[in-house]
Ligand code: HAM
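Quick setup: one chain, the form predicted alone, written in structure tokens, and binding and motion questions come after.
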């Protein structure tokens, strides 16, 4: 292994070298630190998401990091992988069962009911950017704590809304520079009655074929037969090709609804593939389901998806309320952006480093740095390094375009030196002209102003 290669927790787990030990003072398995270079991606994604959602009338919501466990058992489905294997569940001191959020839709619907939002003009539109938690086997782009963006449109059903939700998701992918590598797959899984009939047909089809199924698929067949269509097992994939088709079991109304959604997608010039085996992993979906995926990747190729969940609010005790939503994992999106070599703009690069020699110079530097920052210039300096040469080395490491130098002579004469670090030239200016000169050199477009009264 090269000197600059560091084994991650995932690598250690896969090659067995981490077996039976938990190295101290490191992250727990399946979670990771978000370091400053990656935070630039997160910030960029959040900016684009916020802009696109505002354009479409969505407003931000944040629900608590944990909910009563029953919220997820009742909605996601007790037979689902999330509830049966992946939830972080614990009891509080009063013996109440609580769960760290594994997904965002059910909590938003709980909030919709709890706060009487059915009385608001419908549909109600929310978006969120939050961390979620699932006890899964860590893989590239999949962690036990992960960030997800999602939006939910609650209170209306219309094929045109389904198409608009898909359009909004695609516009976000376009803004992020990854839309050309993603394909949209879509399906209609009908209403609850149709799914029950189809589930029985799948059980009948697989009767006598159980020996070809993995243990996981055998459980799926008994508890949630539709999930077998989403199996990654090769034998099951082959068997699924001859299985009864979902489209033969959904109602005429569902077929008509689906055709109308596809019509709007064609009007919007959104390319799609119909996938009869697409069911999504959560029990609350009905009618339209869709995913954006990278067909060149194996395994974890879904970069985001969603669908209609018209029965979920009723499951939580509310009145029957139609709804549709979408979600995407930020870690997977960032991985896709890196594969596409998408460079995100950074607002963290410093403009100016202020170097000084002597206590009197430092006394001048501290207010100068504050004045520079108030004008939108990102500046640092007045450090404890005694030699100007050492301070200039730090400036080089930060790759600042300009450096201000103030020594004993400059203090005495009321002047400062401005050095252009890119070309190595420098000029001496009056101390009270330093800020104006740097504003002119850096340019207004590059300044980073902050006004607390600006809209957030």
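Everything numeric here is computed off the predicted structure, so don't read it as measured data. Residue numbers count along the first chain shown, from 1.
Below, we refer to the form predicted in complex with the ligand, which is not included among the displayed structures.
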- Give a yes/no on whether residue 236 approaches the ligand to within 4.5 Å in the predicted bound form, heavy atoms considered. no
- Could you confirm whether residue 275 comes within 4.5 Å of the ligand in the predicted bound form, counting heavy atoms only? no
- Contact label in the predicted bound form: residue 307 to the ligand, heavy atom within 4.5 Å: yes
- Item | Residue contact check: residue 283 to the ligand in the predicted bound form, 4.5 Å heavy atom | no
- Of these, 186, 87, 303, 261, which has a heavy atom no more than 4.5 Å from the ligand in the predicted bound form? 303
- Message: So the ligand isn't shown here. In the predicted bound form, which residue out of 381, 190, 225, 104 has a non-hydrogen atom within 4.5 Å of it?
- Response: 104
- Segment assignment from 112 to 120, 307 to 315, 214 to 222, 337 to 345: heavy atom within 4.5 Å of the ligand in the predicted bound form: 307 to 315
- Query: Taking heavy atoms and a 4.5 Å limit, what residues of 315 to 349 are near the ligand in the predicted bound form?
  - Reply: 325, 326, 327, 328, 329, 332
